[in-house]
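In the block that follows, a single chain appears as structure tokens, in the form predicted alone.
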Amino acid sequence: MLSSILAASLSMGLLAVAFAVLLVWASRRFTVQEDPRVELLANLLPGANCGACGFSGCSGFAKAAVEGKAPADGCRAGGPGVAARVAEVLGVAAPAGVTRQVAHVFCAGTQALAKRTGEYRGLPDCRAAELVSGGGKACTYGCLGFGTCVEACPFDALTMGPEGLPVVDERKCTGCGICTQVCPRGVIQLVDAGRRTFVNCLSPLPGKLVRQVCQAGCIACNICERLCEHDAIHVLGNLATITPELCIACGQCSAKCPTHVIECRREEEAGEALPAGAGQAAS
């Protein structure tokens, strides 16, 4: 009886040793060697894992970049500085023309200035409200104001202002673009950091219809176009449109705009956390 037990124990022990040796051999034989550049790139990235690059976090982007499936400037949150370092690690030319971008809210229709068609009683989410008669806001092109963008921002660069519009802190904004993706009306867009003049309205409706729903909308009066000495602003499709490359931010258009929808920040204000319209010139 004792010999049977010893034989069984010995057999089990030998099997265990054999399986251990087999596992060691298999792990060495089938281990996929990861390119050391993947870890290096992952350490260079912001580490926010925001997913704005289209991959599963920073490690996913790092692996894709090494495999040639992602461009060197694919990390929006990192901006041009990170893009240059990624290119250096990959041994490719640094991306040309990469500029830092930040989010901007193209709407000045505060709670006091934008009319409402009713009271929305549902999920406090802009996407849900858009499905229910536009959340009760009369202007179908303006910010719904439920703060979905604020909740989605992984960098705490967005807050809800006291007048019911989101406020962008450009010092924290990385230009990842997540807020632009969750906004159902496209009110938030990415712009070059340092830009100082904006038309905070997206409504293409005639001025008469705009006035019926919002006191802060563009009414296509053409005053701004006539005033601009640099041919930087034109009314296209009932909406004033600025060519940033031509604009010198003199503030004339903002000062004379009858609805104060044109925002012109002072140079020292560029990059600060400003509510919509805070940088307008006095009229």
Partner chain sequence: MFAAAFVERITNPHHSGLKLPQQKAATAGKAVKRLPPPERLIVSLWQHAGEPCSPLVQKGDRVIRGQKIGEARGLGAPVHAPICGRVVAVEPRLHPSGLWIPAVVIENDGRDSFLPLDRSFLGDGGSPEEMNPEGIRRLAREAGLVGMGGGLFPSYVKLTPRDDPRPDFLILNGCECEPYLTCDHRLMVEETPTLLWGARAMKRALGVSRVVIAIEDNKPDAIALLRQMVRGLPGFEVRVLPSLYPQGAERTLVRTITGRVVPRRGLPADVGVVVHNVATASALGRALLTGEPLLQRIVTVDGDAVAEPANYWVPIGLPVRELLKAAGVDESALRQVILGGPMMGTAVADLDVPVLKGCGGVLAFTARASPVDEAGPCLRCGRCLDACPQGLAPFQLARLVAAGRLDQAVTWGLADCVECGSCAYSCPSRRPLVQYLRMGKAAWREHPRPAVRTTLPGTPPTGQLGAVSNGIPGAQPRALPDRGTSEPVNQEQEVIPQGAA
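Numbering follows the first chain given and starts at 1. Treat the numbers as computed from the prediction; the structure is a model and nothing was measured.
Although it is not shown, the form predicted together with the partner chain is what the next lines describe.
Engineer: In the model of the complex, which of 77-85, 134-142, 152-160, 169-177 comes within 4.5 Å of the partner chain (heavy atoms)?
Structural biologist: This holds for exactly one stretch, 134-142.
Engineer: Is there a heavy atom of L123 no more than 4.5 Å from a heavy atom of the partner chain in the model of the complex?
Structural biologist: Flag for L123 set to yes.
Engineer: Using a 4.5 Å heavy atom cut-off, state whether G237 contacts the partner chain in the model of the complex.
Structural biologist: Close contact exists here: in the model of the complex, G237 approaches the partner chain to within 4.5 Å, heavy atoms only.
Engineer: Even though the partner chain is not shown here, does V105 get within 4.5 Å of it in the model of the complex, heavy atoms only?
Structural biologist: Close contact is absent here: in the model of the complex, V105 is far from the partner chain, nothing within 4.5 Å, heavy atoms only.
Engineer: Taking heavy atoms and a 4.5 Å cut-off, does P204 contact the partner chain in the model of the complex?
Structural biologist: P204: contacts the partner chain in the model of the complex.
Engineer: With the partner chain left out of view, which of A72, I188, L165, V213 would have a heavy atom within 4.5 Å of it in the model of the complex?
Structural biologist: It is V213.
Engineer: Which of the residues spanning 38-54 lie within 4.5 Å of the partner chain in the model of the complex, based on heavy atoms?
Structural biologist: The stretch does not touch the partner at all.
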